[in-house]
Ligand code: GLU
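Before any questions on binding or motion, here is one chain by itself as structure tokens, the form predicted alone.
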Amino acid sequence: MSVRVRFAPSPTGYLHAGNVRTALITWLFARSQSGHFLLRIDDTDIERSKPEYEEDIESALMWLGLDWDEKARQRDRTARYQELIEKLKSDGRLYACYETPEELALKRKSLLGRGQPPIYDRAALKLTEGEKAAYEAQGRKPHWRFKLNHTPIEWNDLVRGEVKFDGALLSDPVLIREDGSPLYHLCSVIDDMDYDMTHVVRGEDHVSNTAAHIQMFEALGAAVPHFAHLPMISDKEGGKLSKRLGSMSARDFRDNEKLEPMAIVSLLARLGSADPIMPFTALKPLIDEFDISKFSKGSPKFDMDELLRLNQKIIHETPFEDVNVRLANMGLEDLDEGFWLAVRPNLAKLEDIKDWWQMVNAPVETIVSDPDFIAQAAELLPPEPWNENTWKEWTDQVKDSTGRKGRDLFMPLRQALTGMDHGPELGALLPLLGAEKVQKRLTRHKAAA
């Protein structure tokens, strides 16, 4: 069987962390099976669906490296939905209901008050044609419910294992609004049928929906796809994901946090699975090792600190040829591989390189706590040309001349050269600064005096 899957976001907001995880796992599943990945825009909510959100979905997926084989929009399929709605009506699986929201709320409250599940009582099935006409004369428009068969509903979920529902304990879902527009459930099932989806990967909040969807597939004479319901993400303490992280979008990760796309991919691709989370710089190893059966039904913990650590490790492993264009776009077109290799171990995010570029190329506020020592060190600077060995040659001479060693030797020199007490290895940094700049920084305190 050729695997066909879909990622079906609604363009009613920016693509958030939970969406990204679903998209990524669905994509990895497709690519690991040499399957077909459909990007389906579920835009039946006309009022809330916006073009800018659809654009964000596409740009986020491209930024993460998740390509698609085909794209579809639900708004283009209205005629097809209407065709199958009429079929379900003629088959008696869709029936008209006239209760107002207030009447339905009262029914639910009454059932709950008696300790009974709030299942719709199918009162609409008992209406006569005269009663329906009377409601319509009052100006009421019907909504339409799907009549579930009161039989067991079972499937073997690829994440949750065996799942069972009793159709008699489920409420007939509303599939058509009063204005005649279909709801998500029916459109999704029709699309999955028409696009020959073999597997559906989505969040565990859809488990009860799936029970009803299975009967919809059967009512339409379609093959029922396999399902995989991923658990919802929690925070690192195991509670509900905080609002900050829960609402964090791919746009935030990219534009505000300035994270590497492979850091997000590395974390979310294995979050909640038996495979260890580790930094990846390419998607292929994740595809090769992907197995959806490794995901557990326990709620995985999203740790922002872990994401930042992954980002840092990925930066440290990134070769210059993979970032040179991005650096040029940041205004650092003169930055070469030598500079990159010198400062790379000190970067947590690529954006941090701007600070080190400024430190090397622009005037800095240096720290000179012992002017006499720094003056003596300046006199011992080796002549150019300088290389990676110059720092050791120089500090060996300073050590022999002054008797200083260890931190007492190195820290004052670092502070005088960079104005900082930490940073890249000075053996790599010294040739980047060059003799003229180093001499100027070491002797600046004299001018100030």
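So that there is no doubt, residue numbering starts at 1 and follows the sequence shown. No experiment lies behind these values; they were computed from the predicted model shown.
A second form of this protein, the form predicted in complex with the named molecule, is not displayed here; the remarks below concern that form.
In the model of the complex, the named molecule lies farther than 4.5 Å from every heavy atom of residue 77.
By the criterion of a heavy atom within 4.5 Å, residue 188 is counted among the residues contacting the named molecule in the model of the complex. With a 4.5 Å cutoff on heavy atoms, residue 5 does not count as touching the named molecule in the model of the complex; it lies far away. Among residues of the shown chain, residue 344 is not one whose heavy atoms approach the named molecule to within 4.5 Å in the model of the complex. Stretch-level contact analysis of 256-264, 365-373, 144-152, 199-207 against the named molecule in the model of the complex, using heavy atoms and a 4.5 Å limit, identifies 199-207. Contact annotation: of the candidates 98, 184, 120, 195, the single residue with a non-hydrogen atom within 4.5 angstroms of the named molecule in the model of the complex is 184. Annotation for 370-397: no interface residues with the named molecule in the model of the complex [heavy atom within 4.5 Å].
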